[in-house]
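Quick setup: one chain, the form predicted alone, written in structure tokens, and binding and motion questions come after.
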């Protein structure tokens, strides 16, 4: 279990952020579109992957358990989740690994993941693709890295430069147990943690989209009133 969490390193080290990865496949997400919403079960499953896998090395320092109440969790539920991690519900979701240990283990402190989906082009599509991008296939590696994978790195089709310092965090199915009994396949875990990371990156997204609808309605009404006013004014002008 710890091996697959060997992760420190960056869902992306800035120094390695050079070049382009393969084109990202687009996935339909429930938080996109006219009927966009945060699905509580998806977020719960994503939280499970994030806290049981990602937080072995990474933090989500801009969100707390209490913030989950904004997407449908009850106070009792978040208290239970926080207690399971020996955390206060108001405390930020931080890894138990201190900076000194992280530097000794990985050579650097793994980045915080709270805003990662906003920092990387593609957002959830990028995170989801990255989780599927690891490969040991020699033909695929040679295609993208003719010189081979640098020592200490791992090949990833979608990572810019294709050589990533982070080992595959989702190395196999069944790494977590979901609250709703859904099978924790690699694809399911990749999907759920991508949704969770999108929420941590922009928890205000639904509020923003709702206000956008109200603004469009206002602009439509204003346009109609302006047009009718214009007709009345010019009607009198033409008479003279």
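Residue numbers count along the first chain shown, from 1. Here, rigid core means the biggest group of C-alpha atoms that superpose within 1.5 Å across both forms. Not measured: the values here are computed from a predicted model.
Although it is not shown, the form predicted together with heme C (HEC) is what the next lines describe.
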Full three-residue contact with heme C (HEC) in the predicted bound form, heavy atom 4.5 Å, for 124, 133 and 195
no
Verify the contact flag for residue 58: yes if a non-hydrogen atom of it lies within 4.5 Å of a non-hydrogen atom of heme C (HEC) in the predicted bound form, no if not.
yes
Does residue 170 reach heme C (HEC) in the predicted bound form if we count a contact as any heavy atom within 4.5 Å?
yes
Heme C (HEC) contact in the predicted bound form: residue 144, any heavy atom under 4.5 Å:
no
Do residue 93 and heme C (HEC) come within 4.5 Å of each other in the predicted bound form, heavy atoms counted?
no
Look at the stretches 72-80, 136-144, 85-93, 111-119 and give the one with heavy atoms within 4.5 Å of heme C (HEC) in the predicted bound form.
111-119
Residue 109 C-alpha moves between this form and the one not shown by 2 Å or more, core aligned
yes
